[in-house]
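Laid out below as structure tokens are two forms of one and the same protein chain, each shown alone and named structure 1 and structure 2.
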Structure 1
Amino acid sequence: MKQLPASIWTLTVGILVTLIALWAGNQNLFFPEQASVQAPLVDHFFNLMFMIAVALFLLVAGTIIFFAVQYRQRPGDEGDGVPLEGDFSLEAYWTLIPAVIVIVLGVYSVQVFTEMGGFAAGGGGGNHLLMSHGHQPHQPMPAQLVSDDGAEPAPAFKAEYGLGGSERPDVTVTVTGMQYAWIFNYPEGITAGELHIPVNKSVQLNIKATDVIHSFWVPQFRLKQDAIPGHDTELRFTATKVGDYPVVCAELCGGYHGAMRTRVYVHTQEEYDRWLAENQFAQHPDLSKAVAVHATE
């Protein structure tokens, strides 16, 4: 049987490698569910990188195995190997192709970073300030922080790093990382140990740290942002699925780093409004509306 030309073998191998790489790149085997607008952007970029990695692995590993088998030393063969010299065209190809891949991935990564708001940190859309208490929902943000004891107001929050935006977010929450907990402060005067947000609404987290570097990470949102002492950071996102998801500190911050976890609860708008109302009353009860009961003997 006449041997097939090398061009046919090359075309066949190329098609098989491409099909396997395309299949592997669309399996999304490594991530949990997508629960934010930003998640598909990250996943598409990762899937492209994984597809390229699978193709390169199959080509390199396949070539090594093929040559190891095809050109192995046969029994009784004591001769020298075939003398080979460098091939300029081959070296040019295996330099040019990786260079093109790196450039394409670099351009794509900048596009994803831009769409997620990476170049909009501190843009003004979410640099709002919170009062210690007394602010009611849907009212304009106060001009400065006010303390109960009349001390000097805290400085304005001005994000230096993170994912931001130029438009005003629907919800703004101040997040404070400390050893070993996350504290969430709302403009409505609510302080909580979990993050509560409405679904399909733009949320901005103004992130601070009181001691060491922490990292606020929600795997289902595909978002992570460091909390840096002395430097304000921010994180802008929109949750797309009602549910609760883990919040993990992804930066080694001390002996109990592994226990620095909480949850983010994504509510419908009605549930979120009810949660705000209940917690406003619980933390700042209006005693004029309370019912007094006189105990009789």
Structure 2
Amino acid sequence: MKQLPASIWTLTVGILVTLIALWAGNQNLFFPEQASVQAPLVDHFFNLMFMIAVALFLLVAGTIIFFAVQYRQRPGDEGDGVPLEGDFSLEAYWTLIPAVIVIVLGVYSVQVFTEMGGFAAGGGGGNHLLMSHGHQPHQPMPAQLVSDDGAEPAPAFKAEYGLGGSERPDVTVTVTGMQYAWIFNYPEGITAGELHIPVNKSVQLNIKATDVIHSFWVPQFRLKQDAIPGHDTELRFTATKVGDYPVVCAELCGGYHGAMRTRVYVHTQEEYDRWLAENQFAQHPDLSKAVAVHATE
């Protein structure tokens, strides 16, 4: 072993660490499936950091263990070690290299965040849309019909925080968190305990809370936004996979916080339209005529 020059050892270790890190960074270990446009962005960014972290961990922990074994006290040796007090260039390296890594990660995270819609938050995309539903602009406005019937008009919604977008979303849903349930209100006048959305359509969630802070989280979408009493928040996303996924409350909201779970159903467009029609009929039989007309169109 001693005969091998140090450079060969360094090279071997370097290659090994790189291989393991590359492998680990390409596994998408432990993440649940990706079901929104944002999910691959987050995963990719995490996996990049995970790769760097694995490499750093192997190097640092490996060095520590190697030193710990190599420089153990030998029996009978009561002396002291090498009186080395520092080394400027080494210290410069281990300050500058991590600094460069974190700055690159910082810049990269700004980019990922932008792609996720982070900078469009509170931009107004969701604010005037409580009554809109872009994919069927010719349909009568059920929310208005409801208020014509004497129900309370929907309060103005002004999202301050979250992930937003400037274009009109295809679907807008108002999400209300309360101890211990999520309520989903559709501009079509539907109220539901689960979230139903069409696949591959942009969805705008206008999020509020009535009592304490809750947090709307769909792990498969990699998206989370607090529901804050007194502040409106929003989430804009596009689901990419038909299926149903958990909606989880992620902010401590009381004793049954852990039970504050429901599901989000991502439908095909036809399924979604059918769901809308059925529920409009069930919840507002008086509107059935208008809906029936459209359903048969």
Partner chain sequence: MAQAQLPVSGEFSAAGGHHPTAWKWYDYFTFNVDHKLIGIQYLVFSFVFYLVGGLMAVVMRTELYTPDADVIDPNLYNALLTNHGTIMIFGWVVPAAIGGFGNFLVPLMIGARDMAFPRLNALAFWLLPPAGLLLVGSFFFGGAQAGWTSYPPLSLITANTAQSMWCLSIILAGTSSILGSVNFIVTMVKMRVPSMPWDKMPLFCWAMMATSILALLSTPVLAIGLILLLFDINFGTSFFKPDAGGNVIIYQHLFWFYSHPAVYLMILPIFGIMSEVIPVHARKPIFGYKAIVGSSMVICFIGLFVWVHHMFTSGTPPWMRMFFTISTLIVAVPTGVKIFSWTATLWGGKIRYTSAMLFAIGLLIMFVVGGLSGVTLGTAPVDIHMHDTYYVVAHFHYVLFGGSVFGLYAGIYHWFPKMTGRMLNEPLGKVHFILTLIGANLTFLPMHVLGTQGMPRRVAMYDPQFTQINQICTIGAFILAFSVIPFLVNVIWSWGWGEKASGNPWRALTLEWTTDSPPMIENWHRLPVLTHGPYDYGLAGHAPSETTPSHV
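Sequence positions of structure 1, starting at 1, serve as the residue numbers. The term rigid core refers to the most C-alpha atoms you can superpose between the two forms while keeping them within 1.5 Å. It should be emphasised that the depicted structure is a prediction, and the values quoted were computed from it without experimental measurement.
Only structure 2 matches the form predicted in complex with its partner chain.
Shown in the overlay between structure 1 and structure 2, fitted on the rigid core, is a CA shift at E78 of 2 Å or greater.
Its Cα shifted by 2.5 Å, V69 is compared between structure 1 and structure 2 on a rigid core fit.
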